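What follows is one chain in structure tokens, specifically the form predicted alone.
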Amino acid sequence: MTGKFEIAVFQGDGIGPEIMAPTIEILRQMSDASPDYDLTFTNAPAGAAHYAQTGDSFPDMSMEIARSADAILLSAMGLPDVRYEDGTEISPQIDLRKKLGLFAGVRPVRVQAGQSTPLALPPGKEIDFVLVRESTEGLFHTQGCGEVLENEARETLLITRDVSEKLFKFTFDLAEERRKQGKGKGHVTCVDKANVFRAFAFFRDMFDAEAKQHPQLEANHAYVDATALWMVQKPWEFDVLVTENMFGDILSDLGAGLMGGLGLAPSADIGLNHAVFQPCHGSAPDIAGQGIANPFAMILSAAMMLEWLGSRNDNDALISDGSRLQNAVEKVISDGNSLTRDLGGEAGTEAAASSVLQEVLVA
């Protein structure tokens, strides 16, 4: 099915624009070469730098651009020395999650044969699992609004049936799709702390109810502390994990560590009608403007966007190109000839991205 798709682009702060530019160039060339889809891009100003210039961190116009787009591509956001008057960080990405109902934070963790990792993987073992993090409530519910008294402080963890049921349906559907594509074993793990907190027992009950709707898939539970241990000891055994917001925030960084760092960690925040795709890393203002930033996580996030657009719109070309782009990045990383400094190489941003483009063109 041929289709035209409008992509809202948030350029980001710090190194954000530097890694976004080559990513858009790769997407443009892939789009131009395909008779089956056409991508167009619209910039949506937002972020800390925009706030410093205008006093507005997220203009209404940019929200409308995002809301009307087919997908949203967002680069690294925030600057440590630019904050709101109350001292809190400027985070348009969190505003997007809440306003667009992006309840499913998708964090893939992949270490393929030949790719460097801090772990000593046993022969024949590869890592390929997905962590699904609830992204709108949990322990982040009272973000910036917790109660602080003279001798104590409180934050409120919120888990709702409405969001959790959507989250678990999304997760099981994802596991089924991975199983059909040969990427996963059809195994879903609920990560919680149900032995201590009633809220997580409630969370687990809803997971179990959804699991009954998918008898073709295997479902089990794991406490979050044990999961952290097993992610180091035997990460190749995981397929799809689903968890609360704060637990997911922590475990996703552990997953990035397995891959070699945040520079290789893509992500998506997905709701019923919208999705944002962005790298997990920060804006790294200390290296901004030097041309040495790692573009791989941004490009991998764009690959996730292509696959999501293709699945959502029954467009096999988009799905195929998303996989092709992901494979191109992984090939460049495995070859080791165009690695950026954070990965032990000497390549700059443009050289690393150009190597990915060349792999895409010959694939």
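Just so it is clear, the model here is predicted, and its values are computed rather than measured. Counting begins at 1, following the sequence as shown.
One more form of this protein exists, namely the form predicted together with ligand ATP; it is left out here, but the text below deals with it.
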item: E25: touches ligand ATP in the predicted complex, heavy atom cutoff 4.5 angstroms; value: no
item: 4.5 Å heavy atom contact, M20 to ligand ATP in the predicted complex; value: no
item: 4.5 Å heavy atom contact, A293 to ligand ATP in the predicted complex; value: yes
item: Contact flag, S283 vs ligand ATP in the predicted complex, heavy atom cut 4.5 Å; value: yes
item: Contact segment among 284-292, 206-214, 267-275, 120-128, judged by heavy atoms lying within 4.5 Å of ligand ATP in the predicted complex; value: 284-292
item: The single option of A71, I94, V109, L262 touching ligand ATP in the predicted complex, heavy atom within 4.5 Å; value: L262
item: In the predicted complex: members of 328-362 within 4.5 Å of ligand ATP, any heavy atom; value: D342
